[in-house]
Ligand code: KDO
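The chain below stands alone, shown as structure tokens; this is the form predicted alone.
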Amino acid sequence: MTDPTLSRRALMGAAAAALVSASPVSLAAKSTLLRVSTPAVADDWHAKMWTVLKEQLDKQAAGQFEVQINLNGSLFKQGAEAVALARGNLELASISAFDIAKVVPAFSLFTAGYMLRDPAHLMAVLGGPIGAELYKEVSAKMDITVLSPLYLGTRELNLRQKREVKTPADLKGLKLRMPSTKEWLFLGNALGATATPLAFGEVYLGLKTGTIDAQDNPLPTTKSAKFYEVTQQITLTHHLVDSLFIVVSNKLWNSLDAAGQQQLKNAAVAAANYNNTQRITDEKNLLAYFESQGMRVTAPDVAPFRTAVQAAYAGSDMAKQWPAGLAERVAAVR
């Protein structure tokens, strides 16, 4: 006859052993996977900021999140992230105003020239009440939540050959490379140049051979892509203060409790602040670097460019999609 005491002890021992063996699995199951997709290369601040986000989560929510950072478009190609996020195939990414404007036309205002004055104005507008209002529409239409805006850089003209550039008329006939979307091409033509679509990977050779006469990018990109090797002049038109947005899939966001949402948002804001600080410092220092490479740096009065560009947008179909009074509200933010 079996001793009931021994049976109870055996059952308790087996249960304890099962609990111990199951503990690592159950703990792992509590960790929320956050896959990050970015086209940025490793030495770009837009890549390094994701490490800041990861470190912040590790510090503030130890063991709760597993952040996997995928650089160089290795997980999803640039432009494909928004769809992947909406479908729940991706948790985190940084997407542009141009990406959002395809679905939420009001965002095309932030792709227009001379709408934002500088990085501080960008963050005040997109990190304030105006941004909060627009992000509700983004969430409803794109199934993603904006965690934080961030500064991509101020776009300047980079010319293959030296040229006096004081007004838009001085750019007439200049083949200015722009990304191949209607919004980008519109901006290039509004500046007075002949906007020429060309893939980013072909810009260096295009400048070298004369297929294009100029390109526009933030100064850190001009350096990292080595465009200064095949150009002679930087002209500071400051025509677009460009932004990105750290976004999360609504599927993931809605699965988090209030504490988890706040931890993720705080980490995103910390990552954006890190990026902004580093990028602004870079832009201040790079002019001296370009001059040391033998380049000419010119700083024309931007008023004629601003007037021409804003007039072009005012009469465009693009501006008809902007909510009434939005441009004026943006301009009024200080």
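From 1 onward, residues are counted along the sequence shown. Between two forms, the rigid core is defined as the largest C-alpha subset superposing within 1.5 Å. What you see is a predicted model; the values in this text were computed from it and never measured.
Beyond the structure shown, there is the form predicted together with the named molecule, which is absent from this document and is the topic of what follows.
Think of it this way: in the model of the complex, the named molecule has a heavy atom of just one of L286, A40, M295, L34 within 4.5 Å, and the residue is A40.
This chain appears without its partner; in the model of the complex, the one residue of V247, A112, L152, I100 with a heavy atom within 4.5 Å of the named molecule is L152. Taking the partner from the other structure, the named molecule in the model of the complex has a heavy atom within 4.5 Å of a heavy atom of Q78. In the model of the complex, no heavy atom of Q233 sits within 4.5 Å of the named molecule. Interface residue remark: D213 is not counted as part of the site for the named molecule in the model of the complex, having no heavy atom within 4.5 Å.
Under a 4.5 angstroms non-hydrogen atom cutoff, the named molecule in the model of the complex lacks G88 among its neighbouring residues. By the 4.5 Å heavy atom rule, the three marked residues H46, P179 and W184 all count as contacting the named molecule in the model of the complex. Segments offered: 122-130, 260-268, 152-160, 188-196. Contacting the named molecule in the model of the complex at heavy atom distances within 4.5 Å is 152-160. Taking the named molecule as positioned in the model of the complex, the residues of 189-226 that bring a heavy atom within 4.5 Å of it are, in sequence order, F200, D216, N217, T221. Comparing the forms between this form and the one not shown on their rigid core, the Cα displacement of S243 stays under 2 Å. I212 is among the residues whose C-alpha shifts by 2 Å or more between this form and the one not shown once the rigid core is aligned. Remark: with the core as the superposition reference, the CA shift of N72 between this form and the one not shown stays below 2 Å.
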